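One chain follows as structure tokens, the form predicted on its own.
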Amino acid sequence: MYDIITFGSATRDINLKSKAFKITKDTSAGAGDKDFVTGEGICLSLGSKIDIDEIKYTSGGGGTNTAATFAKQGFKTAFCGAIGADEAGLRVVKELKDMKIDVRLLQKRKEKSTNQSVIISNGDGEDRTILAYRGAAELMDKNTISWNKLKTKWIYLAPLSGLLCDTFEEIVDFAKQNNIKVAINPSKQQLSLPIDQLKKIFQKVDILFLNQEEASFLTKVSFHEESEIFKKLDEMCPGIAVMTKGGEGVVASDGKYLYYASPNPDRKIVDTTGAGDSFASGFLSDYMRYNGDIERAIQLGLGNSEANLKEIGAKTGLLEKNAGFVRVPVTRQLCSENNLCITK
């Protein structure tokens, strides 16, 4: 019996940093004509050779990133996903085994290579651009999952895509039928499923993790209207709903209270890759350990994310069990029926 099994992708990451990567503003005429979705882009001189200041090989993918935290926090952990039959896949397997993460549910596929990402940064700030190759992880489907081996207390679903996304509802249903608790951090592809189907799935979910953009996309409410967002999230998901807000912190709801916390203002940010995974897995670790204590869960989530942000890579810096970290204050507010909150 596992404490937790994570589902999601496993990737091999190449982190590139160079001052030669120039950031340029989008000068297109109208909002609909933008060359860059974010309004800015990283540019390179065409036809030239660019010197790289720093290169680092790490691993990523939501499924393995979160498994790393659970293992470091002392939980018996397994990862369920797919890699290619290649060197990158072998490196991922070795890393998982070194962290004592069970890989018996892992699949090797010959049709595609292991997922790969090239992460580009000029080193001047928190922003980076990721070039993602979605390979073997896309090929896992319901017919290739060893359902009879999913003996666990919790299942964590990292963002799913490809064929595995089509199995989203079936995994949640399987968990419900077998008294397994479920936490999910859905992808944009999952959130694009028909709303009636999503509501049916979310009714069976214990913890729902979203960032502001995802919460706004799901509820069709501006992320500035937090009370309205959580009113809709609480209607969809009777479990815990958690919305991360980047540098502004996090808000969580259990349907009765809203919990607010901001990150440590003195934290050092070197690389934001994997910050969402490190928060969610840190949160869930203490939620499992302390029988649903949301305040402690938020604190470990932010502490784990802060430790991860200090180093390059999605799995570096993650907190070990009982490691010290800065515990930030958590504010709790009682919500009335019309979702107006009064400080409690």
Ligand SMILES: Nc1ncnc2c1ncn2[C@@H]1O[C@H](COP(=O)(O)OP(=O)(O)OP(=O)(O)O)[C@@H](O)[C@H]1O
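Everything quoted here is computed from the prediction, not taken from an experiment. Residue indices: 1-based, along the sequence shown.
What comes next is about the form predicted in complex with the named molecule, which is not displayed.
In the predicted bound form, S305 approaches the named molecule with a heavy atom inside 4.5 Å. Under a 4.5 angstroms non-hydrogen atom cutoff, the named molecule in the predicted bound form lacks F283 among its neighbouring residues. The named molecule is not drawn, but in the predicted bound form it has a heavy atom within 4.5 Å of P263.
Taking the partner from elsewhere, L191 is found to have every heavy atom lying beyond 4.5 Å of the named molecule in the predicted bound form. No residue of the trio K153, K176 and G292 has any heavy atom within 4.5 Å of the named molecule in the predicted bound form. The listed set K149, R128, K204, K231 contains one residue whose heavy atoms approach the named molecule in the predicted bound form to within 4.5 Å, identified as R128. Note on the partner interface in the predicted bound form: the residue among R267, K76, R134, K142 having a heavy atom within 4.5 angstroms of the named molecule is R267. Only one segment in the set 315 to 323, 284 to 292, 297 to 305, 50 to 58 has any non-hydrogen atom within 4.5 angstroms of the named molecule in the predicted bound form, and it is 297 to 305. Applying a 4.5 Å heavy atom cutoff to the named molecule in the predicted bound form picks out T244, K245, G246, G247 from 228 to 247, in order along the sequence.
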